[in-house]
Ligand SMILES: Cc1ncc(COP(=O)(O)O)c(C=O)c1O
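What follows is a single chain, given as structure tokens, in the form predicted alone.
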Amino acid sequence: MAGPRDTVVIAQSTHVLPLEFNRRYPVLKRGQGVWVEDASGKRYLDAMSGGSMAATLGHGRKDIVAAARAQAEKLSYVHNERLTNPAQEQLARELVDLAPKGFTRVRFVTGGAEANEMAIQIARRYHVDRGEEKRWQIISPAQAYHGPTMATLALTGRPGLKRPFEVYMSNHLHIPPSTWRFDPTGEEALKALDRALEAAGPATVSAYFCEPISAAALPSYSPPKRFWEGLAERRARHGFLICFDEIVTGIGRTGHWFAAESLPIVPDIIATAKGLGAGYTAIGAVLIREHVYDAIAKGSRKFTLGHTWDGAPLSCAVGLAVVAALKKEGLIERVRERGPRLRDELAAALKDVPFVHEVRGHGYLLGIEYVDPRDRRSFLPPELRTAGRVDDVAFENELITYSTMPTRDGFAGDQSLFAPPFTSTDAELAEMVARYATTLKQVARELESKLEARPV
């Protein structure tokens, strides 16, 4: 079995149940800033903020660790069903001040999936307390990812993720994304939304649930303005709520405290998580607008479902330290100013890579989309596992990246994410871009020989 000196762990050598049994797992021992180090002492540039876009402040922040230690020495845990604590109360005030106008209440959770699931529950509670008990159905984009629980998996239309658990899931409705390939104006998605509303019966629809800017499923994609305008019109007409999954985009990733600030629509509920703990603790939050709170306050006057660590003093103290660091160091302003240049630098470095279609960017959430270089439009053959090969070669080049493989719904192909910590220096960003370009050029050479004998 794996021991402290191992540099790589495989399924046969560990007591941990791995996510993928055929994968080799490098053992990382420590991190500092945007660098992490494996068991052999080899160092890697972290272009993915800990691998899941959570470590927004980088690794080894002594101020965040000190805040956690100070809180633990006073009071690390009390349950929030009968008690509260100063850190929870203060962090709620901070988030309400930072959220878009109209958000007045916060419920803390322990992570992204829990935040999204609680958003679903709050939307349902809102309608029931208003006397509309038939409203339960959710409509969401087909190409998405909202978490691994049964409720959050049901929000995605990706069959490869849902099998074999569909029997446990609600049968929600999904509409195609408005990508450049299928629907550049957003009009087709609005027509699909109208068909979904008609199929469900508008009076049964509880919420439209989506990411304002996508992360893992369609990196750095957001529908065109016309779609958001049409969505707002349909909310006003039919009475459903709009829930934003800002698990990734919340707390600065796109250059705003919340990505909702940059869109021509205000959601009713926002779920966020990763950046709130910055990789130093497990914490998430659900923010609701005053009219949602009022409906529950005038109705059942309770929402007692939750998890053991929701709103715990230790995790909320870390959240407060993260928010304080972001403010003090001007990091969200830095991401907003530097993000467009980073996107342009990455695009320039990849302009001669034949299978790169485009580089999208919102702050420090960038997406690279790949196509078959022979026609510059088709998806790459899925059996080539191009996205997986990108990550493997990047790691050989001492760079941590994250790529997505083709999906079975036909809406997306191979893509990669580029999401560095907000604290990255210009020199570190330049080195990430250079290593990434080297990686893609090597993969392009490999692809050329693999595609020669294949029909388009």
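Here the structure is a predicted model, which is why all the values come from computation and not from measurement. Note that residue numbering begins at 1 and tracks the sequence as displayed.
What comes next is about the form predicted together with this ligand, which does not appear here.
Although this ligand is omitted here, in the predicted complex none of Pro219, Glu369 and Ala419 has a heavy atom within 4.5 Å of it. Checking 139-147, 311-319, 122-130, 325-333 against this ligand in the predicted complex, the stretch whose residues place heavy atoms within 4.5 Å of it is 139-147.
The shortest heavy atom separation between Ala113 and this ligand in the predicted complex is within 4.5 Å. Although the partner is absent here, His362 lies well away from this ligand in the predicted complex, with no heavy atom inside 4.5 Å. The closest heavy atom approach of Glu345 to this ligand in the predicted complex falls outside 4.5 Å.
Though the partner is left out of this view, Asp268 does not reach within 4.5 Å of this ligand in the predicted complex, counting heavy atoms only. Taking a 4.5 Å heavy atom cutoff to this ligand in the predicted complex, the contact residue among Ala278, Val248, Cys243, Ala259 is Val248. Shown here without this ligand, the chain has only Lys274 in 267-291 lying with a heavy atom within 4.5 Å of that partner in the predicted complex.
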